Every structure is written in C-alpha cells, then in structure tokens.
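Quick heads-up: it's one chain on its own, the form predicted on its own, in structure tokens.
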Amino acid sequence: MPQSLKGKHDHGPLKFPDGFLWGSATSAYQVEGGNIHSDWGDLAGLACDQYHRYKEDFELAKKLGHNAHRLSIEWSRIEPQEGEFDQSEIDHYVKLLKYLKKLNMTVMLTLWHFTLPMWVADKGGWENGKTVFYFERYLKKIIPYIGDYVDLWVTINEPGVYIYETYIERVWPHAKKSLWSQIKTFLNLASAHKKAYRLLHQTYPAGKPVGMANNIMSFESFHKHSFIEQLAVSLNDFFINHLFYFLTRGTHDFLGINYYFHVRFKHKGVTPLPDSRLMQTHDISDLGWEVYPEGIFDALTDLSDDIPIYITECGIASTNDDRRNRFLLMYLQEVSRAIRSGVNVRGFFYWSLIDNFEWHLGFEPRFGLVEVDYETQKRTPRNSARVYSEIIKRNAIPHDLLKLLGHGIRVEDVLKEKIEE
C-alpha cells in the first residue's frame, strides 16, 4: 500500500509529531496602527492598535494554547529617514519580543512583510538594486538588538504576491504595468533573501533556522488528458511555486509555505491558451476563495525535499465561524496526511490571530481567531479559537469529528467529547 494511503481508514485521533509548533501569524503594518512613514502611509489608521496592546494579544494567544507566534517588525518605524535609526522604536521591538519569550513562545520573526519606508519607495523600491544594500544595512543595525529573542527567521514574505498586486493587478502602492519592473523586483528580492540568510548565519553560526515565506498555489487541469492544460499547470507550478526557491537554493534551512489558492486551467479551444480561474465549485470564503483542503496536501508533497516545512500562513476570511472551524479541521487533516506521507512539516501558523487590515481589501475581511471591534478595540475570541485551542492541547484531531462535518453539526459543540486523550 502506498505510504500516502496508510492510515486513511484509521479511526483513531490524527496525532501530530512531538514538538509541533502551533500558532498564528500577524504582520506589523496590518495590526500595529499609527504607521506614518511607510509607503502605505496611514491607510490602516489605528488598525488593531497592537503597538500599544501587544501584551494583551500575546497573553491571549498564550491562553488559547499557542506555543509559537509569527510576527514582523516594521522597517519604516526603525529607519523612518535614510540612515537615521530610531532607537525608541528598536527598544519597542526588543520589549515586544522579550515579552513573547517571557510567555515561553517560540518566535518566528519576519523581517520584511510588504511595506517599505517611504524614502526607499521614493528611490524605486525593490526595482532599485540598491534597495538590497539598504535592506542589509537595516538588518545589520537591528539584528544585534533582537536576535537573542528570535527562534526562526523569515527573511521576506510572498515575493510573488507583492509583484502580482503591484505590477499585474496594480492595486498596491507604486503600481504600474511593466514586465521589466517585475523581473527586477523578483531578482532583487531573491538577492535580498540570500544576503539576509548569510548575514544571519554569520551573526549566529550556532544556528537559528532561516527561511522565507512563499505563497504556494494548487494547480490542476480541467481535462486530465489536455496537453495544453497540463502544460499550463507545469509552467505555473514552476514559476509561482518553485522559481524563487530555485534562484535562492542553498539558502533555506526550512521552507515557509503560505497556502490559500486552488486554480484550475480550462482550454475552450477558441484561444491557444487555457483560462485560469480561482475555483468556486466548493465552499468559499467571504472573499470568494475556494475552500479546497486537498490543495495544501498537494502543495506540501510537491515541495517536500528532505527539508523542514512550516505552514507560515493558512486561514479563511469568514464571518461564519463554524465555517472557520470546518476549515481548520479539514486543512489540518490534510496536513496530517502529508506528514504521514513523509513530509517533514514542523508547524502550523493560522492566519491570523486577530482581525486586521487586509491591505487593499481594507477591514471588511475577517480572518481572525479573535474578533476585533475596531471602534472599541475590544478583543473577543471566536469559538474557532477555542476549537483550535483544543486541537493544540491534544496535539491531535479525531476522525470521528471529521465525519460530522457534512451533517450540519456545530463543531465546537462536540469537540471536547469526540477528541480522545
């Protein structure tokens, strides 16, 4: 029997490996508020005011059972003007990271999560090769202060998404239509990752794992025997899922995978190229993104190469919280299946801990395990936060509970009874 099928009909709990990291993720600009020096300006306004409420949020994550947390620091706060570093902001991030460690949380820190200082953007942003130098200079300044409180480093977040939203969809700052800009940005981000990787290992030769977080998509053809559709699948898989890793090979102690999307290609025979579309044949999120748990299994097995993998983001925008419960259970079932198939998955970070500013989509999408009332800044854990907490506590999910998903039964009402110790 193939290894991937073993245990498929086992009705015991789906156990995760000892030491598995369970957490959630945020990014600085999306939650901090009061950021006026980045290229996004003050569009997020107060956001979730986590700049002042980080203790409350971290304590909440700890109370919910999380043993790890992924977050980022904001370059534009630390270096608001070229070559001028704000020591008070450095001290702020030191206090913040110290507090996470005080709570005995494993810290995964992202060094660049989409935003740039305005002065960097004014010089061309990542299109300008000198931005790689500016980024490395910034890291040399900040790493000695924060490095003792970081366990896992993520150099950059989703280079492909940054390029797509800026140069293809053109809905992010400095948007323009330019293939050459896309290429330069991609290559400069790859160079920035490699320089950051080497700098971090020079600073911590004993080893603090370094990786990056890439947006990975699940691709398939509509017709299994269509050569054109299969070619589209192969090309998109390479360019979107593998190219950045390929250009930066040898500089990954782990792979960070952000998974949200499933795409199917369909050739109608009218044009030489097939249409690509985000699938909506199953349940969908409030953003119209398909709930397709099998896709995360495909992504994990596709990228498995004897290197640790962390799922650095995976989540759903929904005001229907039982949909989020079902999302968690179905996706974690597929993560478990990938682990049993031999993929070295070391952790899962749900996006996100709290509702936040979702870039050009604003505040309407609700991804959080914890609801945020933006008028009062009150935090209220959703039932899905408690369901996730129960799974973490047991480091397992049960098959019995998964069988209930199609019967309209509220997950949180039966979870405690169904999970076996």
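In case it trips you up, residue 1 is the first one in the sequence shown, and so on. In this text, all values refer to a predicted model and were calculated from it rather than measured experimentally.
Just so it is clear, the following notes concern the form predicted together with a small molecule, a form of the same protein that is not shown.
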| item | value |
| --- | --- |
| One stretch from 156-164, 189-197, 228-236, 176-184 that, in the predicted bound form, holds residues within 4.5 Å of the small molecule by heavy atom | 156-164 |
| Single option in 126, 265, 114, 135 placed near the small molecule in the predicted bound form, where near means a heavy atom within 4.5 Å | 114 |
| One residue of 35, 30, 50, 384 in contact with the small molecule, assessed in the predicted bound form (non-hydrogen atom, 4.5 angstroms) | 30 |
| All of 260, 358 and 367 with a heavy atom within 4.5 Å of the small molecule in the predicted bound form | yes |
| Any non-hydrogen atom of residue 93 within 4.5 angstroms of the small molecule in the predicted bound form | no |
| Any non-hydrogen atom of residue 313 within 4.5 angstroms of the small molecule in the predicted bound form | yes |
| Exercise: residue 350 in contact with the small molecule in the predicted bound form, heavy atom 4.5 Å | no |
